[in-house]
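Shown here is one chain on its own, the form predicted alone, set out as structure tokens.
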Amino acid sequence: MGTAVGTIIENTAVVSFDLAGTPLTLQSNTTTIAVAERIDVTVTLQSPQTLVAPNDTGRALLLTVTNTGNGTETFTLLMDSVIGGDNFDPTPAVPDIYFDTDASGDFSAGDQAYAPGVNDPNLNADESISVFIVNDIPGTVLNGQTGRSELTATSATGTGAPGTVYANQGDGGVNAVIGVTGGEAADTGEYLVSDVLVNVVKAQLVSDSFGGNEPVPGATLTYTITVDVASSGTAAASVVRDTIPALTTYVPNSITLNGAAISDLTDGDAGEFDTTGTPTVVVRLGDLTQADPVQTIVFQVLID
């Protein structure tokens, strides 16, 4: 955030000297300036790639809009589902943007629709708001195709090159200055057409050397990944790959699949600890259907 908009910065110089044996001190005039408002914003995708089927309706992607400036700012929101880099264009729902009113992270009937110019989010410095962009999926899409949708947040005060000044438009009448984001930011989510719905959930447990659960250096992070199929169809040749996080070290021979140990070597079992590139845990689950039990993978790392 930086120094809050409107903060008064004062400065007075002091000079000391000796006059005929008498020490004297004089002060200069005091300079005063009010900190201007810096306008910055970020948009961050929260949803993973979202599995959809032909003719699905109301499929939501979750994003977070954050005021990264130093004052209070209002932002307008815009969704665009006709962008490059995909195979099909999702069809915007009506309305197409909602606020995560209940803070659940799941799109529901109770979430409030966004109406431009009516309930534009007004965010304090460092404040965030969770937003859904909602699309319907065309009936013509094919298995394996992707469709992308983008949310843009734009400062209501204005946008422009960093350093652009909006005179007297900041909080309290100070100048507003466009920051490094240009007063506008966007992020993009993606839908993947699949005839099989696969759920992947990852959890972590912290254990420190003192018997507690503080993430201090030397503490152990135990990661648990569950995978299951929640629809008809087959998830063929399923493989889980999990890159070891930076600033941690993998605990040798800590991989298990459904409670059975998996060696770190590339051998006859279902996985390995791959160090040919970025260190990665690899576990091959094979063909999975709804009839198969939940697959549970566990491994550990140490915080450096």
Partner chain sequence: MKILMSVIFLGLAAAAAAQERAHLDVQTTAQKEELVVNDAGESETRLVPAEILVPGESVFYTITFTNVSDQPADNVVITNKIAENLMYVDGSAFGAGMDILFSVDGGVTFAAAGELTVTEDGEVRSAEAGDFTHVRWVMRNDLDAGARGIARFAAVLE
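Keep in mind that what you see is a predicted model, and the values were worked out from it rather than measured. Numbering follows the first chain given and starts at 1.
The form predicted together with the partner chain exists for this protein as well; it is not shown, and the discussion that follows is about that form.
Contact with the partner chain in the predicted bound form, defined as a heavy atom within 4.5 Å, is made by none of Asn143, Ala237 and Ile262. Comment: the partner chain is not present in this chain, but in the predicted bound form one of Ala36, Val251, Leu51, Leu257 has a heavy atom within 4.5 Å of it, namely Ala36. In plain terms, the part of the chain that comes close to the partner chain in the predicted bound form, with a heavy atom within 4.5 Å, is 170 to 178 out of 79 to 87, 92 to 100, 149 to 157, 170 to 178. Taking the partner from the other structure, the partner chain in the predicted bound form has no heavy atom within 4.5 Å of any heavy atom of Leu247.
Residue contact with the partner chain in the predicted bound form: Ala20 places a heavy atom within 4.5 Å of it. Interface membership of Val14, defined by any non-hydrogen atom within 4.5 Å of the partner chain in the predicted bound form, is confirmed. Using a 4.5 angstroms limit between non-hydrogen atoms, Asn70 touches the partner chain in the predicted bound form. Contacts between 24 to 62 and the partner chain, taken as any heavy atom within 4.5 Å in the predicted bound form, involve Leu24, Leu26, Gln27, Ser28, Asn29, Thr31, Thr32, Ile33, Ala34, Val35, Ala36, Glu37, Arg38.
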